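One chain is shown next in structure tokens, namely the form predicted on its own.
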Amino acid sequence: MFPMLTLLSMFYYICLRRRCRSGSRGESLGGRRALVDLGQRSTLPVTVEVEQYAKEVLDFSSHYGSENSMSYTMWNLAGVPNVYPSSGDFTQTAVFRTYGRWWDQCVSSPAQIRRTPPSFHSRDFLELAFEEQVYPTAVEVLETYHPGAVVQILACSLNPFTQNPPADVRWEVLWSGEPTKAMNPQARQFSPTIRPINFPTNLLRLEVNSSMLEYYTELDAVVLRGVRERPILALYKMPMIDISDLSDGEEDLSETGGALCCRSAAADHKHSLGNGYFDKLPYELIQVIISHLAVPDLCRLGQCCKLLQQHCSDPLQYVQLSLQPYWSRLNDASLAHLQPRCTLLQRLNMSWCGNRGAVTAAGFCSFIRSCGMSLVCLELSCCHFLNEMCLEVICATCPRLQELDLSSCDRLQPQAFTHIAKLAHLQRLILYRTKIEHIHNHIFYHESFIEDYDVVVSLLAARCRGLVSLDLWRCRNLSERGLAELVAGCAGLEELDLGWCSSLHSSSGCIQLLCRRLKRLRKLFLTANRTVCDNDLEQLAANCPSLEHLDILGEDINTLTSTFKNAVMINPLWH
């Protein structure tokens, strides 16, 4: 028995040594790769817990409100609560731009890029800075209406107020979950159990998905609780060592939060004994099998053997590439590793990626020059590294580009957008929350710059007669004359958003004219118009048989109830 115990002790010692080569024994026992039940640990109260509200809203993907207003904007999240514990629809809260599933069913909704992980649920985000860095013990989100949209909470090692930011910026997930719909739409304090992290933070990121909700979710404030000193683990539970994972290699990409990189496997297989039965499988069959892997898994698999390295480097595996789920890990080195594999790239999603210096304009331009010739779809929402040189390279290198998303790239200067006029095949262009003024003779808008929206729609009607979807959200001075020109020139419109266009009045007959001209209409937003009448709904029912989405939020529904019943009788599809 004693020799056996000695042998087991030696084996366990070897396991611990392998785990401890990069740090102390205490760090290895608490490391991410050890299988530890953190729920069975307790911390000693080494200092007083600090409670603080957000000091500043640093970044966000969208909001319901206007850029020059405070109503329904993300900036309402800074400071103490304005509404909580009250419930209801309040303008002093933060509201995102969308809710529900029907946004994904619209004509303007892009198709999902292959290899997007099913565990990636985030649709919007916001980043909040707090006064003091602490080791988080709790995060509380005060939701005042239709809660349940928060799907992930992250903490950053960077102090956003420092004058000398570090080169290495880490993001750690404190909590993650799936989209939910709360049983009660009333206010609540959402405080999930968070994971401990080994660095202090005063920068949090909330990611949301409102697809399960029946109305806009509204957030009032975010509370960060934490301690100034790192908690001491009072009770240790000896970690279980996974005997199938005793390698001295690098940490898993998904666990370290490191860069998204792909290593060459050529140097690791000098003594390879063959590829097993994979050598007997047809090349095409292996390609089909690995096409179901996410991008990091594909990179890992390429390190197994030369055969799989060849398959995982095949450009056909990278025709569509979504890097948005890995925004916290993507950097210039990642793009450089992916560059030789993406020569056939057609659809690329880099939304949210590369901020705070992780991706530089030079690194992005190098990638596009090498991989952009076949691009037809490019999504760059909230990519703050973009500058005029980047847009110039995109427009010069991607002649086939049909879809371009620059939403919330609010740091691009107006003159940078002049290059977009060179994209002759462009079919879909999103410029939400940008500073664009004009593109030579093609006028586009931003509510803070354009004074006459009638000029915008007049040019669209004259030069874009094949237009299918148009979003004129909050074009406050769009007149009945401009709308008449638009519907006369763009009769094929299937989606039209006139939400908060307060200068349009139903009494002028403009809405009824719209209904008679746009026979293919599937989605119509008249949010907060407040002048929609019975005759407008009757014309919609009689002339727009394909209508699926109608938003008349803000109208007096009591006066329209009987008209709704008549409209359903005229158009059975409205049931």
Partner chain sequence: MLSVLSYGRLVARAVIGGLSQTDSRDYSLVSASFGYGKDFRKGIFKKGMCYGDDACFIARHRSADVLGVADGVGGWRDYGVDPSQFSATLMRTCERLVKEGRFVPSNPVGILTTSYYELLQNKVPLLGSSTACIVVLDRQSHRLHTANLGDSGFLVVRGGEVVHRSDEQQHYFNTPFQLSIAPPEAEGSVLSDSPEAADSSSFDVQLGDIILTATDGLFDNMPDYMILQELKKLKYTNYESIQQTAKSIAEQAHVLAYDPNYMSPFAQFANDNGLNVRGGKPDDITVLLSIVAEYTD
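Keep in mind it's a predicted model, so treat the numbers as computed, not measured. Numbering follows the first chain given and starts at 1.
Note that the form predicted in complex with its partner chain isn't included here; everything after this is about it.
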Problem set entry | its partner chain in the model of the complex: contacting segment from 288-296, 309-317, 478-486, 208-216, heavy atom within 4.5 Å | 208-216
For this session: May I ask you to state whether residue 60 is within 4.5 Å of its partner chain in the model of the complex, using heavy atom distances?
Result: no
Exercise. Does residue 71 make contact with its partner chain in the model of the complex, using a 4.5 Å heavy atom cut-off?
Worked result: yes
Exercise. How about residue 500: is it within 4.5 Å of its partner chain in the model of the complex, going by heavy atoms?
Worked result: yes
For this session: Find out whether any non-hydrogen atom of residue 505 is located within 4.5 angstroms of its partner chain in the model of the complex, and reply yes or no.
Result: yes
Seminar exercise, completed: Students should find that, of 52, 531, 543, 512, the residue having a non-hydrogen atom no more than 4.5 angstroms from its partner chain in the model of the complex is 531
Exercise. Using a 4.5 Å cut on heavy atoms, which of 341, 474, 329, 146 is close to its partner chain in the model of the complex?
Worked result: 474
For this session: Could you list the residues in 357-376 that come within 4.5 Å of its partner chain in the model of the complex, counting only heavy atoms and keeping sequence order?
Result: none
